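What follows is one chain in structure tokens, specifically the form predicted on its own.
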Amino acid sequence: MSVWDDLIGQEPLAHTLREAVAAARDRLSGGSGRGMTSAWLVTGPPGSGRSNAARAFAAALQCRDGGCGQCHDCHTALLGTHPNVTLVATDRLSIGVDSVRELVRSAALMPANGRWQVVVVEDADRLTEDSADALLKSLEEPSPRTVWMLCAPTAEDVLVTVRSRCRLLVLRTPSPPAITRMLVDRDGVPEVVAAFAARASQGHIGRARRLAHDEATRNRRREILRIPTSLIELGACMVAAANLHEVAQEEGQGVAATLDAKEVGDLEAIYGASARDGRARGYPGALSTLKKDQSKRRTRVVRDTIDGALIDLLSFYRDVLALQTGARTALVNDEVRADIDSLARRGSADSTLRRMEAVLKCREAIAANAAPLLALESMMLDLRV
């Protein structure tokens, strides 16, 4: 099993990266290395495997066999523990300039084993203008053995000054049959469950795995799909918005409960026994910074949870529109076909499009820092039957 096997449904992209690895090996041997680029921008819809592609490329560059998937270099590169591979995956709302400056400094170092220094930034769309400016010099004049792999949903999500200096790779949405086969062959999921998860995930591999393995995730999705037909009166709209917001808040608190205490404990261990009573020099400031970062992480988890629910709502209305227009396409939510059919008969294609626009407007508002509960309440009112 090679490192490329995790790129589900991305055969053309894998071929391009394999060619680049061959060119990189040629350059190490004194050749021209034509086809190898020092800065890449990997784009694709959420769950399509952007970070998997970047990690696979990083591993293949370190592997003497071009990505065998079995050697120590492959394993450590994929896990992010290889000394010459840096994985940057933020749980904050943005990547600050100080973090990027530190990355630029470490990327300029020669790799320990004489191969490549690879930096994978999994959320390049979260670079601020200042942090992008700090990165430009390294992209324009990279060190001879440095490779940058930036990942984002679309090229337009990255500042033009950054994307213009990168070679673009675009991932396609994996097909339901490809995801189904992966879940069956690699995760041992029964085919019926795998097919449902692949269809419901809409091409998001990580979400497909969660749906296939986690009953709570399936239950939450089921509750989301009940919302459209329940929005008959004002009270129902307010309740639906409050319930969705509450679930997202609980998700954020769940992440906090898992990670916050451990991070504080790790910080205390760094500063020593005097940290607990605040006597350790520098500890209060470090703790304050950590608390702010943890708050930002909870905010992001809440937003991401709400956004996932909104995507499920969009898929419901997409199915309604498909029935109303007579489109010959499989339903994403076939398990609630009765509800979809009922709503399709009670409205028109125009009304369904207006509801879809309301969901998209809510997504945009929350992304622009609107209060999530207020945005959800406004959307639910627009979705009334």
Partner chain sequence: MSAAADMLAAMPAPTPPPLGTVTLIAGPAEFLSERAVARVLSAVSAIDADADVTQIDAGALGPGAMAELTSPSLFATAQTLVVRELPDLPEGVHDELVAYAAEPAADVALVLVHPGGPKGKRLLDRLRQTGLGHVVTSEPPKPWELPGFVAAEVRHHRGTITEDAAEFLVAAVGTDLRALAAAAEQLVNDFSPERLTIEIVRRYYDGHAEVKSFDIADAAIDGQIAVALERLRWALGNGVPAVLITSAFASGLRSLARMQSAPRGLRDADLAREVGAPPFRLKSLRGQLRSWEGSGLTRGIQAVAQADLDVKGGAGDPDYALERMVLTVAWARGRR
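Positions refer to the first chain, counted from 1. Keep in mind that what you see is a predicted model, and the values were worked out from it rather than measured.
Here the subject shifts to the form predicted in complex with its partner chain, a form of this protein not shown in this document.
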{"item": "Interface stretch in the predicted complex with its partner chain - options 200-208, 165-173, 105-113, 234-242, non-hydrogen atom within 4.5 Å", "value": "234-242"}
{"item": "Distance check, D5 to its partner chain in the predicted complex, heavy atom within 4.5 Å", "value": "no"}
{"item": "Partner proximity in the predicted complex: A23 to its partner chain, non-hydrogen atom cutoff 4.5 Å", "value": "no"}
{"item": "Partner proximity in the predicted complex: V385 to its partner chain, non-hydrogen atom cutoff 4.5 Å", "value": "no"}
{"item": "All of C63, C68 and T76 with a heavy atom within 4.5 Å of its partner chain in the predicted complex", "value": "no"}
{"item": "Sequence-ordered residues of 344-378 touching its partner chain in the predicted complex, heavy atom within 4.5 Å", "value": "A365, A368, N369, A370, A371, L373, L374, E377, S378"}
